[in-house]
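Below, in structure tokens: the form predicted alone, a single chain.
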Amino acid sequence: MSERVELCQEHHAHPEVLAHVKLDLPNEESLYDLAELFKVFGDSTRIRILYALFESELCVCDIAELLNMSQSAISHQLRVLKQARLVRNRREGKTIFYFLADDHVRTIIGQGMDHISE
């Protein structure tokens, strides 16, 4: 069942409101970057990886086993997450451990879950 969006019956702009909103709108480049960031969250495998990293830093082998996926598939997704600056890594000997880049990642996912749970 689709909801109907109401259109203005009479065209009458509110210039003072529009001027205020226009001042607060981010520039096009920032909006593009934000849209690209949200695209990264549009893949359930990447979300599962981020959730796993909420609990602990993990290597590719651990994530692959946890999610029952190939290491190459996990590596690909980690590369996307790293390019989006959502995860970082550190080397310990021959093993590379991945972890959340900062608390913003946890907040974004947490707020998303709160939103869909309402």
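Predicted model only: the values in this text are computed from it and were never measured. Numbers for residues come from their place in the sequence shown, where the first is 1.
As for the form predicted together with the DNA, it is not shown, yet the points below apply to it.
This chain lacks the partner; the member of Cys59, Ala84, Ile47, Leu67 within 4.5 angstroms of the DNA in the model of the complex by a non-hydrogen atom is Cys59. Not displayed here, the DNA is approached by Asp43 to within 4.5 Å at the level of heavy atoms in the model of the complex. Under a 4.5 angstroms non-hydrogen atom cutoff, the DNA in the model of the complex has Ala73 among its neighbouring residues.
In the model of the complex, Thr107 stays away from the DNA, with no heavy atom inside 4.5 Å. When contacts are judged by a 4.5 Å heavy atom cut-off, Lys94 counts as touching the DNA in the model of the complex. The partner is not shown here, but in the model of the complex the stretch 74-90 reaches within 4.5 angstroms of the DNA through a heavy atom at Ser75, His76, Gln77, Arg79, Asn89.
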